[in-house]
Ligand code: GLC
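Just one chain is shown here, as structure tokens, and it is the form predicted on its own.
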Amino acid sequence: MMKRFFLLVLISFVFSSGCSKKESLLTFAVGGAPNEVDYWEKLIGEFENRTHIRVKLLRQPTDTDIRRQSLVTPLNAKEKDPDLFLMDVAWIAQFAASGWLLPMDPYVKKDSFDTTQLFGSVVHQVDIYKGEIISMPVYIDCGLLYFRRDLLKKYGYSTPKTWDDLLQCAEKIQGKERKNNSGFFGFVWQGAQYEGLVCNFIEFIASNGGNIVSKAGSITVYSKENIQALQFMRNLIHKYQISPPNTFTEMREEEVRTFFENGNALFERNWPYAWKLHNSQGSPVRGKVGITLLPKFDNGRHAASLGGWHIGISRYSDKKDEAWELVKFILSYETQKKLCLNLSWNPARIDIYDDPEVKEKMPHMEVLKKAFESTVARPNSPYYTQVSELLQRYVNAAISGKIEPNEALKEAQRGIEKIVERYHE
């Protein structure tokens, strides 16, 4: 009987040891489209072969909000897994303020990791918190202006540099194209009440010399420059009528993309992902599309809302050193180039944009590099989600015609101040 007891204890010990070995894997949480996650599996295999560090890939859902919550829950509970993860750029401030992210400065210094190879404007806007590096960019996104090269050439117009250039060009060509296509519009952009509207709003106000964050660091939306930009957004729909009347009810990324792709618009504001789709087999505009920087107002500058995904290490990870090794691998020249060529991801490394193979296969990367150097981040605030929801509501009400731009931003400012007060109570 005693022999049987000790045998059961031994089996139990071996089994539990096996389980703990599995649990000791470095865990990396990623999501996205199935082909993206499948490619991460391939890259992780290469990393394991090179370093002999075993990695468990935690597949997250495609939906961004669900991905965020699937990270918030274990981090809030101070669980050791996942060890590291990808974050949407809009989450970083909340994660940092909650104390969930491990500062990477000691590792950067120890390995002499060259952060200057990353887009500096991106790192300084979102990856540094209280003077410490708490994340690193992996994939960069920003707003771009797509245009029909064939139509500009047909009617003798050059690529617009200012919003006034775009307006004049769009009005003329829209009028001519409507003789054969009554549903043709000059300019389509994201105006529905969701996060994409805030990104568009930031681009318009920044291109007019405005901003959401003051020099003192407070969130300030009520300003002359911002009101003027919001009025222009509204005029595009109601006064100039070069943007569809459903801009403020239905237009999100995909609605805008398909509208332009079906040959119904001259200009389109969208993210870099649309380039590949516009030029894919079966696209009505394949070979007819160009991209450039978003226009600016006369006294403003070219500006593009910053998007993309960044990598962070959990403060509660029990494999911090191994996690850093994976961060280095992901940000290496070799891996960044592979992500670019295989997933069409826009690298965080500046030097990839000068790679001969990348330039040959993806000539539009030259424009992207310029655009990424003029990015504007959304407020780097732990209560940004509440601020965004407020802005979505008031900006959408203004462009729909329900409220004047001046009053909309005045009310939005009051609401933001209340959010700040609640947060600091």
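Here the rigid core means the biggest group of C-alpha atoms that line up within 1.5 Å when the two forms are laid on top of each other. Residue numbers here begin at 1 and follow the sequence given. Quantities reported herein were computed from a predicted structural model and do not represent experimental measurements.
What comes next is about the form predicted together with ligand GLC, which is not displayed.
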Is Glu261 one of the residues lying within 4.5 Å of ligand GLC in the predicted bound form, judged by heavy atom distances? no
Close approach of Glu195 to ligand GLC in the predicted bound form, 4.5 Å, heavy atom: yes
Taking ligand GLC as it sits in the predicted bound form, is Gly307 in contact with it (heavy atom to heavy atom, 4.5 Å or less)? yes
For Val89, is any heavy atom within 4.5 Å of ligand GLC in the predicted bound form, or not? yes
In contact with ligand GLC in the predicted bound form (heavy atoms, 4.5 Å), from 196-204, 324-332, 100-108, 229-237, is stretch 196-204
From Phe119, Trp271, Trp163, Phe248: within 4.5 Å of ligand GLC in the predicted bound form by heavy atoms is Trp271
Though ligand GLC is not shown, can you say which of Asp127, Asp141, Asp83, Glu177 has a heavy atom within 4.5 Å of it in the predicted bound form? Asp141
Since the partner is left out here, which residues of 41-70 would have a heavy atom within 4.5 Å of ligand GLC in the predicted bound form? Thr64
Yes/no, Ile291 Cα shift of 2 Å or more between the shown form and the other one with rigid core fixed: no
Would you say His364 moves between the shown form and the other one, meaning its CA shifts by 2 Å or more once the core is fitted? no
Indicate closer or farther: the Cα atoms of Asp63 and Met251, in the predicted bound form, relative to the displayed form, with a change of 3 Å or more. closer
Any idea whether Ser280 and Pro61 get closer or farther by CA distance in the predicted bound form, knowing it moves 3 angstroms or more? closer
